[in-house]
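Here you get one chain, nothing else, as structure tokens; it is the form predicted alone.
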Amino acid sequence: MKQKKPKYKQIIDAAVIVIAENGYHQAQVSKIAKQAGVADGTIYLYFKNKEDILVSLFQEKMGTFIEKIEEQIAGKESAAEKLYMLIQKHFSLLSEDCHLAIVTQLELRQSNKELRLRINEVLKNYLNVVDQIILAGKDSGEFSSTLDLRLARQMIFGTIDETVTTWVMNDQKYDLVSNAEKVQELLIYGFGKR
């Protein structure tokens, strides 16, 4: 119910900015409250603590992220096309919000083990979308029938994730989205000569 209230979204959006600009450990709840334009105590009406803000932020943003990716791949016929759309949308969503890119690529990884486990739970829905693309490709014969689902998922996610992390670490100095086709081709064709 809290998630439907406007202040919840205000706080989440403010947390993205404050965490990106200050780092998770230096992002005090009071800074998040100030950025959101709410009293410090208001934060605690919606969240238990800063960790809860971080996990909720990831749940909220990843939920929207997955919806947009699913919209993008809906109606695409081939698995290769779906994979391209997944990569392209992933890159474009993060390139449009550099604060979110910093939070997802750098700050989430600095959290403690328990927090990372909670974040990994949220990530499962994204990985399910990747699995659906792989399975569709295997079923249609586009991908090898012997393709290992788990390994293929790790390769796809790992490649996308590392490409975004490198872009963030390079201060977003180049067009991330322009790499989508190259990444998709590398994932589908590997290093083989065509």
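Start at 1 and count along the sequence shown; that's the residue number. On a predicted model such as this, the values are computed, not experimentally measured, just so you know.
What comes next is about the form predicted together with the DNA, which does not appear here.
Only one segment in the set 55-63, 22-30, 125-133, 146-154 has any non-hydrogen atom within 4.5 angstroms of the DNA in the model of the complex, and it is 22-30.
Though the DNA is absent from this view, in the model of the complex it lies within 4.5 Å of a heavy atom of just one residue from 159, 42, 165, 140, which is 42. Not displayed here, the DNA is approached by residue 50 to within 4.5 Å at the level of heavy atoms in the model of the complex.
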